[in-house]
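Taking the form predicted on its own, here's one chain by itself in structure tokens.
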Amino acid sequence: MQAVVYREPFKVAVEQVEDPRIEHPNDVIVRITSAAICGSDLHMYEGRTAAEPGIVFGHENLGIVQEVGDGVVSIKEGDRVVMPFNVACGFCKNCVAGYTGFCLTVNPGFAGGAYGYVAMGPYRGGQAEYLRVPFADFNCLKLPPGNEHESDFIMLADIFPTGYHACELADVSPGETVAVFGGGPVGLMAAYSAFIRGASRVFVVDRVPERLAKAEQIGAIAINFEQDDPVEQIKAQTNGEGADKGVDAVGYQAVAHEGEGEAPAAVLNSLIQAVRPTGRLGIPGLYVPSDPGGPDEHAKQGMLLVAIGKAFEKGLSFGTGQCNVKRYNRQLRDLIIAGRAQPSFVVSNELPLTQAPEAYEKFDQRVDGYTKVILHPVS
């Protein structure tokens, strides 16, 4: 089959690889119809991780069940399904508690698993013609048959639940104001989810015009941090008080508004200033334990200089960690089916799998028109 394979920093290729097969009675094989490129794929693409040549990328996957293991009960051949990026068993202590992003079974020695992601287990990614899904009864979410809402449903694999998770971490409630730092796909989904949860006003902070335009498209207030200090812009529109809640949808590749270089703690420190006393922060932005590309020795080890004293002074609280997709994906699916949500507004391109190398390059360079890319294998 054809698959997107990592070769070296800033280089992926579409190559022939071995077809997946049933390895356990609980497996299914899914013929992929849509697979999206995620911002976290770029961490591997840029050489910031220990990804080895040959890894197949892709943790946002949707398709049709092609083959079913003997132990699978609720999924059958021909079912249309979307898979959480989290590979989870469904029965360990964390999964039973709803923390499927931190499964204790699927990746020994590491809490959590994912498709096609370094350190997240031996699970090949789905930017390919076929994908093996383990623990399929638990990991496959059934979708209505046909191809309706394809570009909406693929968002259920990661960024829509992750955006909603950001608001859950921040405890966004009706009537509140929310400051979202980062207008990429996850940040836009966090802003969208804040409105779903009843926020009165949502600020989206970024510097990419296309992202800011999409934020305004959904009713958010665009804040361009290159024009002025984003903290001051938010305070000026909240009577000097600051937002009720904040979301960090950027992570360790943040840049300071005063300059161009990476400043990994910039967003966290800006949020500490931008959120009112006793507010709360949701932090789904990725902060890795080590980053060989970090700007200094501490950042390379995942250690940041954060204004914890100011956070203490203001009585701020926060939640962090990757999304437990299974906690949200069924309800978000039903919002899409009911016409209450259309997360595909973030999608900029739908391309054949063969154009993945070009799409990665343009997405990484933040080229206009490459906000969110969906790849479609032809099989």
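Since we're looking at a predicted model, the values are computed, not measured. Quick note: we count residues from 1 along the sequence shown, nothing fancier.
Missing here is the form predicted together with a further copy of the same chain; even so, the following discussion is about that form.
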State the residue from I196, V81, V255, A222 whose non-hydrogen atoms include one within 4.5 Å of a further copy of the same chain in the model of the complex.
-> I196
Option touching a further copy of the same chain, based on a heavy atom within 4.5 Å in the model of the complex, out of R124, H149, R201, K235 = R201
Can R31 be called a contact residue for a further copy of the same chain in the model of the complex at 4.5 Å between heavy atoms?
-> no
Counting only non-hydrogen atoms and a 4.5 angstroms cut-off, does R48 reach a further copy of the same chain in the model of the complex?
-> no
Answer yes if any heavy atom of A307 is within 4.5 Å of a heavy atom of a further copy of the same chain in the model of the complex; otherwise answer no.
-> yes
Would you please decide whether F318 lies within 4.5 angstroms of a further copy of the same chain in the model of the complex, comparing each non-hydrogen atom pair?
-> yes
Within 4.5 Å of a further copy of the same chain in the model of the complex, all of L104, A111 and F138 (non-hydrogen atom) | yes
With the partner removed from view, which of 178-186, 126-134, 207-215, 85-93 is the stretch that lies within 4.5 Å of a further copy of the same chain in the model of the complex, judged by heavy atom distances?
-> 85-93
Residues within stretch 161-182 having a non-hydrogen atom within 4.5 Å of a further copy of the same chain in the model of the complex | Y164, P174, G175
